[in-house]
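Listed next as structure tokens is one chain, alone, in the form predicted alone.
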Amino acid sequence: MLDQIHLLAAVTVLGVLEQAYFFLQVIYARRMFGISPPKISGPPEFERIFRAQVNSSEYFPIFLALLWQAGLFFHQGLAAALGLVYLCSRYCYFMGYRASSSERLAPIYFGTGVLWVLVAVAALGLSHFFLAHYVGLNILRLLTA
């Protein structure tokens, strides 16, 4: 069983570490700009870091759900590779947003595209499972025959 999920687990841990890094960046920015919680406004430099972290946190549950569904129902290796690409795009998004609000656009569009690919892969895997399990129709066997 573990050999079927180890890549997904590794990408999940990397994602959690990335989220922790983003949280730490907000803490450092709070200290640098003298902004105590619960305040969330301040200089534009702080607000960009704060928003980048919040936006990344909002997408994280979506990413995890899609990563695991795509990996379990379609292919672990493909899902893990897409997960790594997504995490890289999210890091580029964070760093771009930190520098300038306009530099966040390309990475967020790319990362969103990766999420849509994960949606498609998960949907294909789930469709194949349901068709094979409940209807007895194995599309892969039909395609290779």
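Values in this document were obtained by computation on a predicted structure and should not be read as measured data. Just count from 1 along the sequence shown to find any residue number.
The protein also exists as the form predicted together with another copy of the chain; that form is not presented, and the subsequent description refers to it.
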Going by a heavy atom distance of 4.5 Å, is Trp116 a contact of another copy of the chain in the predicted bound form?
yes
Is there a heavy atom of Leu66 lying 4.5 Å or less from a heavy atom of another copy of the chain in the predicted bound form?
yes
Is there a heavy atom of Leu137 no more than 4.5 Å from a heavy atom of another copy of the chain in the predicted bound form?
no
Do Phe60 and another copy of the chain share at least one heavy atom pair within 4.5 Å in the predicted bound form?
yes
Sequence-ordered list of residues in 3-28 near another copy of the chain in the predicted bound form, where near means a heavy atom within 4.5 Å
Asp3, Ile5, His6, Leu7, Ala9, Ala10, Thr12, Val13, Val16, Leu17, Gln19, Ala20, Phe23
